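Shown below, as structure tokens, is a lone chain in the form predicted alone; questions about how it binds or moves come after it.
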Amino acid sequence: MRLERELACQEVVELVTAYLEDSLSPEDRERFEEHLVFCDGCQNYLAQMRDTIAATGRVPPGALPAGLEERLLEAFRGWRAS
């Protein structure tokens, strides 16, 4: 079955975290992976994200100083809105 709509590069960028955390629906995962087959730029972006995660690891809960987590979340929300 062919999906109704292909993902654009911007959508792949917005979904990459959910993809890496395996939290996309099967349909969205298929659309995501289909896009990667034809888009070298998004393949490279995904590889860079994987490398970044491997290099930096994960921040354990409670490891950030008080207020920093909220400031970071606000910064990302502002970036995403622009």
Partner chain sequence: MEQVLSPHDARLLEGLRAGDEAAFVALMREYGAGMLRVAMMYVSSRAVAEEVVQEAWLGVLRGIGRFEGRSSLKTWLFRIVANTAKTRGMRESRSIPFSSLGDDTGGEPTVDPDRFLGSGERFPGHWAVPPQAWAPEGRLLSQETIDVIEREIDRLPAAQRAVITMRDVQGFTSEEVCNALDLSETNQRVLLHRARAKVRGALEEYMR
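Worth saying up front: this structure is predicted, and the values here are computed from it rather than measured. Definition used throughout: the rigid core is the maximal C-alpha set that superposes within 1.5 Å between two forms. Positions refer to the first chain, counted from 1.
A second form of this protein, the form predicted together with its partner chain, is not displayed here; the remarks below concern that form.
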| query | finding |
| --- | --- |
| Residues from 38 to 56 in contact with its partner chain (non-hydrogen atom within 4.5 Å) in the predicted bound form | C39, G41, C42, N44, Y45, Q48, M49, D51, T52, I53, A55, T56 |
| Yes/no, E70 Cα shift of 2 Å or more between this form and the one not shown with rigid core fixed | yes |
| C-alpha of L20 moved at least 2 Å between this form and the one not shown on rigid core | no |
| Sense of the change in Cα distance from E14 to L73 in the predicted bound form - at least 3 Å versus the shown form | farther |
| Distance trend in the predicted bound form - C-alpha atoms of A55 and P61, change of 3 Å or more | closer |
